[in-house]
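Below you'll find only one chain, the form predicted alone, shown as structure tokens.
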């Protein structure tokens, strides 16, 4: 079984993914960290040096390669699901889980993390709130294609593991 976590930046994909993988005895991979390790560049550098389109192609190719692994929990970048036919690929090759959060909750998580996130590092609070609302509105139709939607703010890893195992017995 492969489990792919999707959702907006700050929704907890990496921390949830690590905990989920540990609880299930699966390997964990963070798509952005894999790309950074393989290219020896940060995501911000890749965006700046090669442009978003080139980065998105690299991201999609890396996603496809990782989806061949078994017993994997994969956290994706916030935009991964929105380019090429990534959601169709994810849904065909894994169990997808959208870690859903409101724009207000995302703002509260991200407002003090701006320096760590290249897309938002230069935004003031008002700009950040607007940025999150606008981008979430654009991305949510892609995120909503996930097999399962989970309220990220109230997530309980044990319950999620039990649910995924029960719902996907043929994949375990």
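Values in this document were obtained by computation on a predicted structure and should not be read as measured data. Numbering follows the first chain given and starts at 1.
Beyond what is shown, the protein has a form predicted together with a small molecule; the following relates to that form.
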Residue within 4.5 Å of the small molecule in the predicted complex by heavy atom, from 117, 69, 57, 130, is 117
Would you classify residue 43 as touching the small molecule in the predicted complex, given a 4.5 Å non-hydrogen atom cut-off?
yes
Classify residue 140 as contacting or not contacting the small molecule in the predicted complex by the rule of any non-hydrogen atom within 4.5 angstroms, answering yes or no.
no
Is it the case that residue 96, even though its partner is missing from this view, gets within 4.5 Å of the small molecule in the predicted complex, heavy atoms only?
no
Using a 4.5 angstroms cut-off on non-hydrogen atoms, would residue 47 count as touching the small molecule in the predicted complex?
yes
